[in-house]
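A single chain, nothing else alongside it, follows as C-alpha cells in the form predicted on its own.
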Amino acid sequence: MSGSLTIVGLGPADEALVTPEVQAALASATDVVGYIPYVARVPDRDGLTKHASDNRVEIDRSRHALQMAANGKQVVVVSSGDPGVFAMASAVFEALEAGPKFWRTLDIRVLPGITAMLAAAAKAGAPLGHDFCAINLSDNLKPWDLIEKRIRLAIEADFACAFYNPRSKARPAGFVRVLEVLRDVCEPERLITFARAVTTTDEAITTIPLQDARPEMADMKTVVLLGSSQTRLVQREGMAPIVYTPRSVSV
C-alpha cells in the first residue's frame, strides 16, 4: 500500500467547524502528526498512532511525517485553523524541498480549514469585508524591524489587518510596540477588535477605539482585527454591535 501525506486544518476550536473533507482524512489516517494540543483534538481509535511534539520543531515534525508517508503510512499533519496560514503546510514543503528527491513523488494534499481571522471576523460582523492583510506578530522567525515595516505599509495602504500571535509571556513587549506604531500612524478612533478563544466557551469579542486599546487585552489565544479608515460600527440596543468594512471605498 502506497503512503500519503495530508496536511489539514482543524479550524479554530469548535468541532462543528472541521470540514467533512478533513474529517474523512482523519478517519482514514494511520498516523497523525502535530503540535501537542492539536493532536489532542483528534479522537483516539484503533489503528491510529498519534505523534505529538512541542512547539518550534515544525521542520523535524515535517521530516518525520514525510518519512512515514514514504514508508507506506497514511499520514495526516494537523494544524489549528488553516494549515496554509502561519501553520504546517509551509513547514512540510520546506522540509520536502530540502529532503530526499524521492519525497517529491509522494501523494501530498493540503486541506483547508477555517483560520482564526475568519472565525473572529464572522463573530464581529464583517471587518474584513474589503481589502485586508494578515501579519504574524511573532519575531521567532523574522526580525522585528520587518514586522514594523509591514505594519506601517499596511496602514499606509489602508488595509484592514488581522494580527496573529500578538502577545506571549516570552515577548510581552512586542504588542506594546505594535500599539505604539498603530497610534503613530492611525487616527485615535480607528476600530480594533480583540477576539479571544473564538468558538470556545471562553470566547470574548471586544471592539473599541484604538485609543482605548491596552496591551494586556491580547494574548496567544487572541487574534486582533484592526479596521481600515472605512470600517464602521453599528450599535444595536441590547445586542452586540456589528463591525463591518464597506465593500466600496469613499474618497
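Counting begins at 1, following the sequence as shown. Every value quoted in this text rests on a predicted model; they were computed, and no experiment measured them.
Absent from the display: the form predicted in complex with another copy of the chain. The rest refers to it.
Asks: Please determine whether residue 179 contacts another copy of the chain in the predicted complex, using a 4.5 Å cut-off between heavy atoms.
Replies: Flag for residue 179 set to no.
Asks: Closest heavy atom of residue 157 to another copy of the chain in the predicted complex, within 4.5 Å or not?
Replies: Judged by the heavy-atom cut-off of 4.5 Å, residue 157 is in contact with another copy of the chain in the predicted complex.
Asks: Can you check whether residue 130 is within 4.5 Å of another copy of the chain in the predicted complex, heavy atom basis?
Replies: Yes, residue 130 is a contact residue.
Asks: Does another copy of the chain come within 4.5 Å of any heavy atom of residue 59 in the predicted complex?
Replies: Contact check for residue 59: yes, within 4.5 Å of another copy of the chain in the predicted complex.
Asks: Judged by heavy atoms and a 4.5 Å cut-off, are 32, 45 and 168 together in contact with another copy of the chain in the predicted complex?
Replies: No residue of the spot touches another copy of the chain in the predicted complex.
Asks: Heavy atom within 4.5 Å of another copy of the chain in the predicted complex: which residues of 89-103 meet that condition, in order?
Replies: Residues within 4.5 Å: 89, 90, 91, 93, 94, 96, 97.
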